[in-house]
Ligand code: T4K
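There is one chain below, alone, in structure tokens, taken in the form predicted alone.
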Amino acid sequence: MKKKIKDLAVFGGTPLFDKTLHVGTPNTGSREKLFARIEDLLERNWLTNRGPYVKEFEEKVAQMVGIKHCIAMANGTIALEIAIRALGMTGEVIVPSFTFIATAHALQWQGIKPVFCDIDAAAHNIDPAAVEALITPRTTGIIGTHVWGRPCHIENLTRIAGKHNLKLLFDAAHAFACSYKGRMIGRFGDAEVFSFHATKFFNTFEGGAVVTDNDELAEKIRLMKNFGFAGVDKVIYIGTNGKMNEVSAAMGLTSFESMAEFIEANRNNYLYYKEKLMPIPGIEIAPYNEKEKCNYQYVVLEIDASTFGVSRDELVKIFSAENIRARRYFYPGCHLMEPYATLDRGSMPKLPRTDVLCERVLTLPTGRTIDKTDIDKIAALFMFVHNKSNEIKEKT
């Protein structure tokens, strides 16, 4: 492999890009408006504990989603943990292995066993038929992840959860501002969880939220994210510190003002990548439904090594040498990470579609820091590697 990588080097010691292109480069919106908000909150000297900016941010999210309750959190992981606990999940909960490790950790951290489920190979989301086959008397819930912002099989999962009296939670970390059949993601299941981490197209530096229409659940979550306080010196429930601070909320409000621009940049990049990469053999571009609202946050490829000429992992190394930080999501799959690989030793779940996808997926840099000239160079690099690999094969 080392010889092959060397043979495929494009510019020797001179990288293709003099800047490093990343997946998930932060969007910041208007610095002037952000700094004005920070000056304002410093003047008020109200930095946390659900100040005016957090309340305004929660209202804006709830209004956009079309939901009654948004509870802003310090990050998406603690939002997941609190939602899981508030829903009363115990025992076993079925989750996809093809997801960020936080989805599984949020369960394991609370002594709940994540039961890893295979995916629909086309959608990259949890497979409802596989979910139903994994249900046992210990199962209390299902967590679906809207991977790449593309909705899960929501109706089938809702039917299965209802049939077996299970809680249904959606990890919507990728899916802020996306829709399903005309309804915004955030309005499904018992609750949904957003992430506003810096690497998301819409960020609050660090942050997350739980959204739900369930009044009782929302009240419980608000208690739990603030130590269980129901008033001064009155604690009525076990809780933790999951609060979003005012500076993060100020960033969120600023992000709202530029969100349409962020999405438009992502969409334009996605369409141009699609135009430039589709003609290259061995590259499949994950599609988005143009009839739905979408944030186009990820440009996702599947690399067929036998047709393209080199493997996805070889491409990652080649691209890294050219200052392109393409990413393997969610390699190698949660079921092969710790502690799960050890805990399940001897009974490792068979997830063939997950295993195949984890070897093929490559995500490319996008966002407002990427332009058509950058995409032209990246596409030319793909073509060069494909052609060069074929030349090497013919010579050998």
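Because the structure is predicted, anything quoted here is derived from the model rather than measured. Start at 1 with the first residue shown and count on from there.
We do not show the form predicted in complex with this ligand, though everything after this point is about it.
Novice: Within 4.5 Å of this ligand in the predicted complex, do we find a heavy atom from each of 23, 173 and 327?
Specialist: All of them do, each having a heavy atom within 4.5 Å of the partner.
Novice: Tell me the stretch among 153 to 161, 101 to 109, 234 to 242, 250 to 258 that has any heavy atom within 4.5 angstroms of this ligand in the predicted complex.
Specialist: Comparing against this ligand in the predicted complex, the contact stretch is 101 to 109.
Novice: Is there a heavy atom of residue 199 no more than 4.5 Å from a heavy atom of this ligand in the predicted complex?
Specialist: Looking in the predicted complex, residue contacts with this ligand include residue 199, since a heavy atom lies within 4.5 Å.
Novice: Does residue 186 reach this ligand in the predicted complex if we count a contact as any heavy atom within 4.5 Å?
Specialist: Contact check for residue 186: no, nothing within 4.5 Å of this ligand in the predicted complex.
Novice: So in the predicted complex, does residue 262 come within 4.5 Å of this ligand, heavy atom to heavy atom?
Specialist: No.
Novice: Is there any non-hydrogen atom of residue 77 lying within 4.5 Å of this ligand in the predicted complex?
Specialist: Because a heavy atom of residue 77 falls inside 4.5 Å of this ligand in the predicted complex, the answer is yes.
Novice: This ligand isn't shown here, but in the predicted complex which of 298, 308, 319, 116 has a heavy atom within 4.5 Å of it?
Specialist: Filtering the options by heavy-atom distance leaves 298.
Novice: Name the residue from 212, 266, 125, 195 that puts a heavy atom within 4.5 Å of this ligand in the predicted complex.
Specialist: Selected residue: 195.
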